[in-house]
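Next come structure tokens for two forms of one protein chain, structure 1 first, structure 2 second.
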Structure 1
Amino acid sequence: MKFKRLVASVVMGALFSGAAWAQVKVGVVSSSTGPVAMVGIPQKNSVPLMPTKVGNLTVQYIPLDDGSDPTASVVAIKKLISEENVDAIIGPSGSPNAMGVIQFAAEAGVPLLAPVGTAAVVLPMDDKKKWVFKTTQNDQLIADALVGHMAKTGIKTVGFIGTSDPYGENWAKVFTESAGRKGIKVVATERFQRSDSSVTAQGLKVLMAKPDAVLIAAPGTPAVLPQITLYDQGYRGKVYQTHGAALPEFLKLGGKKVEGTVLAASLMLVLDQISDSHPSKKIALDYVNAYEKLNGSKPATFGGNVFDAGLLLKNAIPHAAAKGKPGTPAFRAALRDALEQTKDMPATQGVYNMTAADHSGFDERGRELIAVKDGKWTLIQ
């Protein structure tokens, strides 16, 4: 009898919690299935770790999967806005997906926190993109770090191999500009597909140009194949990777053949080597431990990007609550303004300093130079 009553109260609670007052609703759209699933799964798994209580307001998260399909992202966003009347949206996982939903979020006046790679969602800033905040490091920030390392180690020519998707395209553009400023020449630019079973031809083309170093720009584990191919073709020079390769699986798949790789990424890969004075260390460590306890494995950086979105909201919600009730346009507009005012807020990926012009807000505390040494990520001091 007691049990029955308990079940009844839990069910009633679940039914009525949706209608509870003074509650902030946040939609989370991730690609936990489909080709971008490796990005979306840690994002989805991070949702239960995000703050559920801010001041005297409760925060309810409504996770949806878009199957990596940009059209499905738009449907999900529209559903969250019109049916759930959400106050903010976190997602979607993929760059093309995010580009497609910006106008709908802007029209409805809902802040969108996009954990995507491409800077195009916040740059150049305009009337629509002012509703978007990006919780990943801009490619520019990472590229500058890599180019800095190249210049310091005397590298003059670089070969580039990137994926033929927005990630690789943007990297080709950003990196070529950044390298040009330091007098480093990009002598070969090659593309490959995530699903390719061989990049032998691209590797040969790059090696023919005899570069001092090679940069590989691919999101996730596809970054491994070109590097292994180059190694098998006898290339023993320096290989650089982007933050897209910053995953534990990169080491597992690459093994001995990715030894010596240099990349720049958030501190999450080398937490134990970061000095305790870094403002992000404790937050990132707590997040990683909580994630591991819940899911049994360490999170990829992508999960941290979504978790940070939760922290940004937590920081902004009290300011917005002073100006309006959750669920109203006034609250959402105030929430956007508050997000834009974020100052010196440490999170798992670095320290956020938003301005009207910069909706990503990272500085050099958001990236570390990391090398693969003895099969482990090692901080370059």
Structure 2
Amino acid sequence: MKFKRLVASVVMGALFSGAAWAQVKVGVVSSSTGPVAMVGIPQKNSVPLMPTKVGNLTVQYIPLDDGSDPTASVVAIKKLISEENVDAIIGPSGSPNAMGVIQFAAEAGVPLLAPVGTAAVVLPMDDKKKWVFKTTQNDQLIADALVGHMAKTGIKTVGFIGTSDPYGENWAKVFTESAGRKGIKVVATERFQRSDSSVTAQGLKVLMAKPDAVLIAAPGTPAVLPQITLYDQGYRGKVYQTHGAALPEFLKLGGKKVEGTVLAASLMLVLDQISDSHPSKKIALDYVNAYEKLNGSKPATFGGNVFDAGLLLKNAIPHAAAKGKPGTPAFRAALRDALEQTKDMPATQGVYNMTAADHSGFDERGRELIAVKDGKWTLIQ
């Protein structure tokens, strides 16, 4: 009898051990409260839609809210690594938050899929950033589209207003260089904090430079303030925005004052105007419909960035499982390698082709030129 109980105990232990090995744990850190909540909420709401089964492995997502605070992001990342022993992390939502956690993910050897705007999380590539994969379009891809439109429409001078953080800093650098190659001069450069309630001084300085157009580089709802300020100050030149403004609240908060805005962003903003032949259209449409069914509203593109991270992991997990068991350093290293070898994988934001030098992996299928017309996003043909 004792022998039978011993055998049963061993068998049950093996079963539970196997179940533990068969589970991939993924931490998700989003800013679902605080100043970046308009970005973080659709990201958090996308988690229930992500794959929970990959082959014979189950995937458990552990969501945490950092309250838009970079320090809280670090605490959350450390908790996921040390207490939860996660195999990968998706997040955080904000560029400053993501920049602050890279070293901890790299030191632990845990792949970090960052749904943030700034390319600084993956460029220039080094031993730490090789653990980071970016699920939004790099600034250069978006900037080249905007500058191309400026050149085509005869714009010669531009004013720049960007956030005082890694997002705005990288955009100032990339845009100035891209504009220079087309003979377009940046005649004014101003910065503001995401939490600022007024940018009157910055707007006046830009107005004094009399630019043909203005580019605003800010993620989420902070992108609205500089534009409505310029409008109230009498500016009627062309205004451009980055993909950071690609959310429904931009239209709601800006109203008529953002009419005519031009931006470059993913196809998700104008799905009904995209050709059925686009490899990402069906995936994006299915995601939008599932999100709306679950949450009662359509998602901002920021939610798609997190959903795509789940698709990237789904694609990479089988390759990693052949090299190690979930929960081990071998599995996490193999997962990093598999993510880096992603080829021709369509998702909601475009088609991913990762390399050792490019951990974003988008080409022109990951961007569309879009204008605000009659209060709606309209594809520029």
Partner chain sequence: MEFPIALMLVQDGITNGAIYALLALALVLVFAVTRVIFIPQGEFVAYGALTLAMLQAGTVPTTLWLLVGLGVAVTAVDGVPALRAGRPGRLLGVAGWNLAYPLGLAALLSILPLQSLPQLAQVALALAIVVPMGPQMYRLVYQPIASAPILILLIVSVAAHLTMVGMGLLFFGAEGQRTPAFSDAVLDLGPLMVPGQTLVIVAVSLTLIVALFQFFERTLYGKALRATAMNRVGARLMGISPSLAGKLTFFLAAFIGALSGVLIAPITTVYYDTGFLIALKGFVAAIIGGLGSYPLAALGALLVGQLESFSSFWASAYKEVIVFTLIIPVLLWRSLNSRHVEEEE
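Think of the rigid core as the biggest set of C-alphas that the two forms share within 1.5 Å after superposition. All residue numbers here refer to structure 1's sequence, counted from 1. All of these numbers come straight from a predicted model, not from anything done at the bench.
- Looking at the condition given, the form predicted in complex with the partner chain, one finds it describes the source of structure 1 alone.
- Regarding the hinge between rigid parts between the two structures, the matching entry from Gln137, Pro219, Gly203, Ser46 is Gln137.
- The chain behaves as two rigid parts between the two structures, and the smaller of them turns through 9 degrees against the larger.
- Here the two forms are laid over each other by their core, and the C-alpha of Ser197 is off by 4.4 Å between the two structures.
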